[in-house]
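Only one chain is given next, in structure tokens, and it is the form predicted alone.
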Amino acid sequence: MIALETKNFNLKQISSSGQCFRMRPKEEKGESGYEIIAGDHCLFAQQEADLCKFHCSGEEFEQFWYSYFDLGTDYESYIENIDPLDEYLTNAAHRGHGIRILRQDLWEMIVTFLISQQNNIVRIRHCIDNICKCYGKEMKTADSGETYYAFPEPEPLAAATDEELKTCNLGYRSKYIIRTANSITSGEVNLDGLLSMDYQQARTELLKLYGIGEKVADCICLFALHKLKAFPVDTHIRQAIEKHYPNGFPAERYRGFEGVLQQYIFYYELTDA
């Protein structure tokens, strides 16, 4: 178990920020915390104020979770650079100050945000759980031996039929996933190549994939490729901008970390409703 004191990090806020769907509250051995499944990794984490406890080995923490949670980045510097006269954004950052942009797997985020289209958070979680149970590798946690399922690789999803995937409650999104998985397995799209591209190049390539529009491409750029310039605009963000920034969001002032502010705004709108 790794104990770490850190600022601007809040498990509850991250789990509700709309960027990950395999992170949820859990009771383990009578203690409350969060279970986080990412790829083929599973972690139980707890937090009290700034003290976090990560129930994994030191090696796994250093090699995977430290980067996953973006713990090496100073998020306070982003907040300090917010225009003090911008009351709305200041309040949003104050409320969501513990959110970090997770460094998630590219393939997992492509599928996740294909599923997210015209969908709600509860149903997205359910759909992802279904495809992991049906097509992911069965795994066991190191400490308790509990079963969990890794996120499926492209090959089994490419081999699935539309009807088979629809049993996972994906609806019309099943054809998006099958066609995209085939693009990956055939070599038409190179995921490693996307990792080395800048934001605009990666966004352009992602838009070539079947079923991916501008908002989904930006979500993938932000939450998988860690392109902090990406600023996904969904209904919540659009309404916030129209109400608080009639002349447009001042992205130029926040060049290079617009996506962090997008998460503060998204969380603020979600928790203010």
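The first residue of the sequence shown is number 1, and the count goes up from there. Worth saying up front: this structure is predicted, and the values here are computed from it rather than measured.
Same protein, other form: the form predicted together with the DNA, not shown, and the subject of what follows.
Comment: 164-172 is the region of 83-91, 164-172, 193-201, 137-145 lying near the DNA in the model of the complex, near meaning a non-hydrogen atom within 4.5 Å.
Annotated contacts: Ile14, Gln47 and Ser67 are all free of the DNA in the model of the complex [non-hydrogen atom within 4.5 angstroms]. Of the heavy atoms in Tyr210, some are within 4.5 Å of the DNA in the model of the complex.
At a distance threshold of 4.5 angstroms between non-hydrogen atoms, Lys26 is out of contact with the DNA in the model of the complex. Put simply, Ile241 is far from the DNA in the model of the complex: not one heavy atom of it is within 4.5 Å. The DNA is not shown here, but in the model of the complex it comes within 4.5 Å of a heavy atom of Arg123.
In sequence order, Ser17, Gly18, Gln19, Phe21 are the residues of 6-32 having a heavy atom within 4.5 Å of the DNA in the model of the complex; the partner itself is omitted from this view.
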